[in-house]
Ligand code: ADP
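What follows is a single chain, given as structure tokens, in the form predicted alone.
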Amino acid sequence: MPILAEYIWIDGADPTPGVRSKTKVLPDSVPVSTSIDDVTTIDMSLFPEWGADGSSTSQAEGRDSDIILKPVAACRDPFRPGGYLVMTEVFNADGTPNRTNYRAGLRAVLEAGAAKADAWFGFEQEYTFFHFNGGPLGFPINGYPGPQGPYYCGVGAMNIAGREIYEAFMANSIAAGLLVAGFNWEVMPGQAEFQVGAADGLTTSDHLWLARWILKRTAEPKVEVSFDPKPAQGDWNGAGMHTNFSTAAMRSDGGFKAIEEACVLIGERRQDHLDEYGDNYQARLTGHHETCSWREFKWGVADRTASIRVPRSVADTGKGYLEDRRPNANADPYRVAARLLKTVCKLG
């Protein structure tokens, strides 16, 4: 019986890219995905390259519109038992990476020497459910709910909106075999978070993009999913993609010194990092609502008002990781990972 594979790629929408997908029918010689226990061992040679219309995704001109989708990662398809979700990179017809292919940029950084750092990444992806007629879920039409306080990790009809979608997304992510590490409701009504990782930058970023597609596909019949960094104006938290990062040196005994050194290096490239951390970071990084102003840089232990927070447990054990709190919910994880590696590995 033929196997269905949903080819997923990142489009060229500006300033914030989204995900596109289309379905390829594979021959019955491809094994059904339910027989694969570990998605990281899927044989990617099972999935052939495919083409797409780049002029409809802001990735090519109409007079030369063909783009190439090259499979790079796959997982089980939770919507079609036995099928696959296939993450792809976008290439031009001449075989060069498309200008929107930031995964290729991350690969280049790793090949330039960053791979020796044995870096791990974990992403904390916040998102907001939106009514089809506008406004975050849990917000009255043309009004506002009660102030922030009871919504974070809350329960009850007055505090939580969209529980059934949240639960379905959780189940779908696990069924897909993604490297998800946790789920929770966030500070603003209709807002939640999931965590992906920890693994190398390519794997964690692949799984984050796959999870974004699964989230939007899960919510599709009922609500829209927004990665806007400031989904509601006023006294409401924004939405980020806090990035946990470590190298082998940071994770080793005495690694706190390497963490301190990394924080100093990152601070010296403040704007270079912000340029890769998602559109409209200024609206979120105001110095309020658990953020540090984008105009300054500071780091501290257990400090959620800092640019970089070092967890208390890391300070106590003297080794571990740092959390860069500045990336937006709409940031591209490939770009975030590449920038952190370039800075900490002193590659530019």
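The first residue of the sequence shown is number 1, and the count goes up from there. Just so we're clear, the structure is a prediction, and the values are computed from it rather than from any experiment.
The discussion below concerns the form predicted together with ligand ADP, not included here.
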Contact flag, Gly201 vs ligand ADP in the predicted complex, heavy atom cut 4.5 Å: no
Heavy atom of Arg309 within 4.5 Å of ligand ADP in the predicted complex: yes
Partner proximity in the predicted complex: Tyr127 to ligand ADP, non-hydrogen atom cutoff 4.5 Å: no
Contact label in the predicted complex: Glu323 to ligand ADP, heavy atom within 4.5 Å: yes
Residue (of Phe245, Phe169, Tyr151, Tyr277) lying close to ligand ADP in the predicted complex, criterion heavy atoms within 4.5 Å: Phe245
Position in contact with ligand ADP when the complex is considered in the predicted complex, options Arg295, His288, Arg304, Lys298, heavy atoms within 4.5 Å: Arg304
Answer range among 157 to 165, 72 to 80, 187 to 195, 219 to 227 for contact with ligand ADP, defined in the predicted complex as heavy atoms within 4.5 Å: 187 to 195
Within 4.5 Å of ligand ADP in the predicted complex: residues from 174 to 192 (heavy atom criterion): Ala181
